[in-house]
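Here's a solo chain for you in structure tokens, the form predicted alone.
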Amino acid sequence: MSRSYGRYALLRAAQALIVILLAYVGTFLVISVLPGDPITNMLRDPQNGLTDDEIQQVVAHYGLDKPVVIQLILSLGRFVTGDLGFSLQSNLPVSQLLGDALPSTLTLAGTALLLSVVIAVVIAYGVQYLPSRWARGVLRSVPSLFLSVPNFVVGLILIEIFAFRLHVFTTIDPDSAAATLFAALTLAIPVSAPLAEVLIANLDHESRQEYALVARSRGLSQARLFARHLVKPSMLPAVAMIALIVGELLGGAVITETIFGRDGLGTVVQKAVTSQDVPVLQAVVSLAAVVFVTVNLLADLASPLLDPRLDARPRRKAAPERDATPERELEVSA
């Protein structure tokens, strides 16, 4: 499978690169067809104090005096080489602005992703193995509750309880470990809901399979059955769901950073939208596309590794691999 998997990985990487380039082109064209010329209007703002010669240099750098097709080629060439241009508001390189803000946002989103997985697994496990039928039914309804509450409401509740009443963290230091944990929890609670629902549905399916019934008849404990035989096949669709919710994490991070007063990409986006800083907006959208496509690529590459029955090779006639089935793994482990 190594050679076929290598071809599969290269193909998926090439497709991901094409998607990123198309996303950049789409963003550029949408900004180009907007009415007015925000770049030139901002440059000619008297508050910027730019001379006519300096304005002409910026116009020539971005090719604003050329047709849209030429502007697109120049912009795409700069993007491929890592040149994101300069902020029209601060005159700083856009890469520097994003580099300063990105660590805070990635820390928040990464912690939220980890917490969402933990919450989803705990809910799914409880739905399967809590002794009380009533408690299992209540736990099944928790994901629906999480989905119905907006994350900014969750954030305000957590701030009111744990910052103002219990003093677990302070809003004066939003980058502290405790404040970051609760900000990530604000993001994780609504995001964990669809992941928990997918895990519950797949665990319900896998627990009714023959190999699970055989394992129970042999006296395998519920915890060992869950960890050794049910989680792995149930995680395959969950991995795809994790890749999809990354976009929701990035979008929710903008709101959460505003609620908790964190300086991240949310602050950069807010200032760029207010001032119509086009190079910054285009760079942020392109960065979001890169992150989203990369995470989906990693999910696609992980799928054949999680389930050996998924063969990456294109074949004319599919043949089942008996040795890779959960029943065979159960026999081997026994």
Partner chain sequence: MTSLTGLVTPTERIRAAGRSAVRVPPTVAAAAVVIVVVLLWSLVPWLFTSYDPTVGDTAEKLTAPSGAHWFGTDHLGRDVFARVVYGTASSVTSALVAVSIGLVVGSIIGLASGFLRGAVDVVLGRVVDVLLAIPSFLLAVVIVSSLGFQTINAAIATGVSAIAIFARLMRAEVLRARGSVFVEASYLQGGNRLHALLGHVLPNTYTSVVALAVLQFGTSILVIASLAFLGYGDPPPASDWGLLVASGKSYATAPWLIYAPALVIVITVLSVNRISTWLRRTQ
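Small disclaimer: the values here were computed from a predicted structure and weren't measured. Numbering follows the first chain given and starts at 1.
Omitted here: the form predicted in complex with its partner chain. The next part is about that form.
Q | The single option of Thr171, Ser176, Gln222, Thr258 touching its partner chain in the predicted bound form, heavy atom within 4.5 Å | A | Only one listed residue qualifies here, and that residue is Thr258.
Q) Which residue among Leu102, Ala227, Val118, Ile157 has a heavy atom within 4.5 angstroms of its partner chain in the predicted bound form? A) Exactly one listed residue reaches within 4.5 Å, namely Ile157.
Q) Each of Ser144, Val254 and Val269 near its partner chain in the predicted bound form, meaning some heavy atom within 4.5 Å? A) Heavy-atom distance to its partner chain in the predicted bound form: all three under 4.5 Å.
Q) Just to confirm, Phe292 within 4.5 Å of its partner chain in the predicted bound form by heavy atoms? A) Result yes; Phe292 sits at the interface with its partner chain in the predicted bound form.
Q. Going by a heavy atom distance of 4.5 Å, is Val273 a contact of its partner chain in the predicted bound form?
A. Taking the distances in the predicted bound form, the answer for Val273 is yes, it comes within 4.5 Å of its partner chain.
Q) Does its partner chain get within 4.5 angstroms of any non-hydrogen atom of Phe152 in the predicted bound form? A) Looking in the predicted bound form, residue contacts with its partner chain include Phe152, since a heavy atom lies within 4.5 Å.
Q: Report whether the minimum heavy atom distance between Pro93 and its partner chain in the predicted bound form is within 4.5 Å.
A: Taking the distances in the predicted bound form, the answer for Pro93 is no, it never comes within 4.5 Å of its partner chain.
Q. What stretch, of 163 to 171, 71 to 79, 199 to 207, 126 to 134, brings heavy atoms to within 4.5 Å of its partner chain in the predicted bound form?
A. Only one stretch passes the 4.5 Å heavy-atom test: 163 to 171.
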